[in-house]
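Okay, so here's just one chain, in structure tokens, the form predicted on its own.
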């Protein structure tokens, strides 16, 4: 029973008020941006798909008021379209296919009839067009002098439930426009990238005699067993250089946190509490944050990996879980209703470890598995609401949320 409860718990920056008001005021003063399509190849369906992807990416940047009209023009036209003459910025692009069937894109950013930025892009086939769109948004953001959005070009890996105790592991872009199934058949959950380069990943297989942690090299497709354990075997986090893993195991029926050294294959037990400790995340080099029921309900705690001292991190809510850490900030999931016969609401909250400030990030539905971007600028999470499973992006500094729905299945867990 304790193992079951542990699985349920596991599956499941400070902004001053003036700064928040300033963010809201800033929305009306954002520069306007229109898009002009000068494509000479591909059918209308594909051109519309690429246009919508580009609009979505530019909106997620949250630095423009983006026009949604799909207008066409000659790439070499000397002036912007008359409909766009009062727009601050006009992004004009041309899609073309070369003799090798590669997708080529020419782009220029126009302001006051002057080209202020231009660049060319090329990918081998149209199946990865969305990554061209992400790269354009990244480059425009950089040109505008905004903080980096490196996370836009990274891939997401998630477990999708397709039937009872059947799942698929899928690699996708953050908008879910691109999806590639890398593991199918069986019950495979909790995938984690093994390195910053995203060339390999770990996941938990529940099809073996014991829960088993596996490693997959994407380039070779080869898989190997890392470790097995009775009760539970979940990798909850990977450190920055990929040399250490945080595992939740219950070899004697008691779920605890363990530190695994990838090179030596040695395991060190970090928690020894006589209850439930799960879902640890690295907090710097020597500490962790994790979920524990040591108060009689799930809550977030921190602990040095070298000492026995434990500190309560969250003092709000009676059912808190699924946390992520970036610098001084922790984002976590909290249950906000207790319906016995209906759906409960689980929202994400943000706290600073240096103050008592708490900021709620979501409002409705079941919001879980938050994960900070590598730069702490954004949070990705899973949202389940009205039978729809989606990937969500929260732009913390812009006070905006964006949702990208999954076409079928339900996201079980996800990692950025």
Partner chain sequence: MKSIVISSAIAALLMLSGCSDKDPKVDDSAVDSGMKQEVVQDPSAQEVAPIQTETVSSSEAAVMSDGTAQETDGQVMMRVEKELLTIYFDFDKFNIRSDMQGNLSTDANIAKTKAKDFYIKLEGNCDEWGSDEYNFALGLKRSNTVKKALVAEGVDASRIAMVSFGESNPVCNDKTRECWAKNRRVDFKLLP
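In this text, rigid core is short for the largest set of C-alphas that superpose within 1.5 Å between two forms. Numbering follows the first chain given and starts at 1. Fair warning: this is a prediction, and the values are worked out from it, not measured in the lab.
If you look for the form predicted in complex with its partner chain, you will not find it shown, but the lines that follow are about it.
Item to check | Triplet 194, 258 and 373 all within 4.5 Å of its partner chain in the predicted complex via a heavy atom | outcome: No, none of 194, 258 and 373 comes within 4.5 Å of its partner chain in the predicted complex.
Checklist entry - Tell me, which of 128, 176, 262, 270 has a heavy atom within 4.5 angstroms of its partner chain in the predicted complex? => result Residue within 4.5 Å of the partner: 128.
Checklist entry - Of 312, 88, 252, 74, which residue is found within 4.5 angstroms of its partner chain in the predicted complex when only non-hydrogen atoms are counted? => result Among 312, 88, 252, 74, a heavy atom within 4.5 Å of its partner chain in the predicted complex occurs only for 252.
Checklist entry - Taking heavy atoms and a 4.5 Å cut-off, does residue 36 contact its partner chain in the predicted complex? => result Output for residue 36 is no: heavy atoms all beyond 4.5 Å of its partner chain.
Item to check | is_contact(residue 236, its partner chain) in the predicted complex, heavy atom dist at most 4.5 Å | outcome: Answer yes; at least one heavy atom of residue 236 falls within 4.5 Å of its partner chain in the predicted complex.
Next on the checklist: Can you tell me if residue 190 lies within 4.5 angstroms of its partner chain in the predicted complex, counting non-hydrogen atoms only?
Outcome noted: Yes, residue 190 lies within 4.5 Å of its partner chain in the predicted complex.
Checklist entry - Quick one: does residue 219 come within 4.5 Å of its partner chain in the predicted complex, counting heavy atoms only? => result Heavy-atom contact with its partner chain at 4.5 Å: present for residue 219.
Checklist entry - So which stretch, 77-85, 91-99, 161-169, 301-309, is the one near its partner chain in the predicted complex (non-hydrogen atoms, 4.5 Å)? => result It is 161-169 that comes within 4.5 Å of the partner.
Checklist entry - Judged by heavy atom distances of 4.5 Å or less, which residues of 241-280 approach its partner chain in the predicted complex? => result Contacting residues: 248, 250, 252, 253, 254, 255, 274, 275, 276, 278, 279.
Checklist entry - C-alpha of residue 388: shift of 2 angstroms or more between this form and the one not shown, rigid core aligned? => result Yes, residue 388 moves 2 Å or more.
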